[in-house]
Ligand SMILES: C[S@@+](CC[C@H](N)C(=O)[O-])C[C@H]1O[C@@H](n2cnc3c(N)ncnc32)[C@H](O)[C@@H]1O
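Shown here is one chain on its own, the form predicted on its own, set out as structure tokens.
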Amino acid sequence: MNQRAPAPAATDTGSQAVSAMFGRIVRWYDPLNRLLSLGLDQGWRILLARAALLHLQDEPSPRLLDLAAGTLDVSLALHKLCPQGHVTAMDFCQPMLEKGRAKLHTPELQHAIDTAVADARRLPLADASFHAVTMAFGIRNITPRSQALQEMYRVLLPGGRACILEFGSGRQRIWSGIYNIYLNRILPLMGRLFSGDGAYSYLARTICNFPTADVLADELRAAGFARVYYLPLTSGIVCLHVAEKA
């Protein structure tokens, strides 16, 4: 399998700390995702992949970019739904990508999905080179978000689509506040029990501090995207954001 040369590593301390944190929990990342989402996370990712591919039915060999690709669940969903396409999967945490590459069991998958370590704020990619860009549960870990959104816009072809899957803001009460209790108490506790790491306390904080879907939609428009909308999933626990490049 071909692997692109990595982009220069992020030099800011915050990004390095987040990358190291994900590297520490990589062993538990997939099973905890399934457990803590009650198995819903895979369905959310499939909806993300479908949204990204919706405008590409007649494209013979679409080029797809999966950012914050982690252990490649979205990349694999993209390939399953669009086997004629080619997926470039990028993440700034190398251990996560290594875990994901272990899922590429066949020569077909190894040919269809390339991986590279890269910072979403500084992509080593040409302008207007992809038909669609996806990102699942990654944008809230990037500071400033505006740089990553501008990079998504830059690498998309005209008419291309960026699709972002992200948790709704923990500032909003969901299920009469039950979800908020889950975020603040249960999620960090379960993370510590299974991974022995405080990473899930960090993840809960990022969800609680994340802006509303309307704010993220405004940020996508500010990055240059023309048609922008979002779909709340599971009572707004997760939002699927779609933005199209004119």
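Residue indices: 1-based, along the sequence shown. What you see is a predicted model, and the numbers here were worked out from it, not measured in a lab.
Not pictured, yet referred to below: the form predicted together with this ligand.
Screening 216, 49, 64, 69 for any heavy atom within 4.5 Å of this ligand in the predicted complex leaves a single hit, 69. Out of the listed residues 149, 77, 163, 96, 96 is the one that sits within 4.5 Å of this ligand in the predicted complex by at least one heavy atom. When contacts are defined as a non-hydrogen atom within 4.5 Å, none of 31, 36 and 185 contacts this ligand in the predicted complex. Partner proximity in the predicted complex, defined as non-hydrogen atoms within 4.5 angstroms of this ligand, places exactly one of 125 to 133, 105 to 113, 79 to 87, 138 to 146 at the interface: 138 to 146. Not displayed here, this ligand is kept clear of residue 228 by more than 4.5 Å at the level of heavy atoms in the predicted complex.
Using a 4.5 angstroms limit between non-hydrogen atoms, residue 18 touches this ligand in the predicted complex. For residue 118, a non-hydrogen atom is located within 4.5 Å of this ligand in the predicted complex, even though that partner is not displayed.
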